[in-house]
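To begin, one chain is listed below as structure tokens, in the form predicted on its own.
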């Protein structure tokens, strides 16, 4: 594979930990290049999440070379050729050049190779098959840099074949379009995804959820999501999908992306959060939060001004109130004022408790809980103005009257 271009290497490509790693590999006779997402983002001048390298020797050789240089090596995926290296506190993922021997749409049986082009050809999209040396020398066998420049997400080779190797690539096509693409979506890739959307049922909920939520985190995910729905890629895993009208309004309101809140925005208000959570393998806390965002009650009173806003913040908690507020795109009132209050006001704690009721001589039991709840309702209705003495007096009055 011949060099095709150069990029200005970001600091992480040629600093102390990187130089130490490449020196160790070179001493072991191992050729290495950065590959995939870190190179793609370096071309775009974006921050990176992980540093992946491709190497031309099997993992056992890589582990030995790292060990000889005193670099920690963890055999995280030796069967598939992956070794994790930790040099001076920085983590690198090193994977031996591979070719697919057998695929079933979910898992691949691979064989190691020393052919860089063969390794590149098995990858999914052109801009994920970019390789780079520490000095910025770029290897671009499928014109991925040009696709990045035009915002085109393009499969390498035959799109149907790439998808047959790994069905998840249908979802990855739309996720990468959300992050790196510009309308319209690549027609050949879209048509292949539509033809293969029916195979997505064989995937796990965890893998689907990860791709969908990462798509929703993109700065502008609407076009990709609409294309995804048009291709039928949501039919099996999110049949409740209700379009992007509320999502567009939410994005205009929010200051930072929130994937779960954006998921709520594309669902109808009567959607069953528990069912969706189980299907997408959301955590218990995520499912509960989604349920609150989709619930009809309590209805937000934005027209009621600061007094009503404080009551809502107290009842729901700041985070869930903000969720409901940003999603309440059809509710009249000053949502900006309510949001500013939610971000600046700390709800107080109720000044009385069940222990105070016991000190009044009341017997333990459900009556105490009901009385404390009644005092709380009175205290909230009074805009939290009553102090402890006034709340104790109200508790005593209610106890005497009941």
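Not measured: the values here are computed from a predicted model. Residue numbers count along the first chain shown, from 1.
The form predicted together with adenosine-5'-triphosphate (ATP) is left out here; the points below concern that form.
- Every residue in the set 37, 172 and 214 has a non-hydrogen atom no more than 4.5 Å from adenosine-5'-triphosphate (ATP) in the model of the complex.
- Residue 123 is the only one of 279, 152, 310, 123 with a heavy atom lying within 4.5 Å of adenosine-5'-triphosphate (ATP) in the model of the complex.
- Among 240, 166, 133, 186, the residue placing a heavy atom within 4.5 Å of adenosine-5'-triphosphate (ATP) in the model of the complex is 166.
- Shown alone, this chain has one stretch from 249-257, 271-279, 174-182, 225-233 that lies within 4.5 Å of adenosine-5'-triphosphate (ATP) in the model of the complex by heavy atoms: 174-182.
- In the model of the complex, adenosine-5'-triphosphate (ATP) sits within 4.5 Å of a heavy atom belonging to residue 50.
- With a 4.5 Å cutoff on heavy atoms, residue 128 counts as touching adenosine-5'-triphosphate (ATP) in the model of the complex.
- Taking adenosine-5'-triphosphate (ATP) as it sits in the model of the complex, the stretch 305-326 never comes within 4.5 angstroms of it through any non-hydrogen atom.
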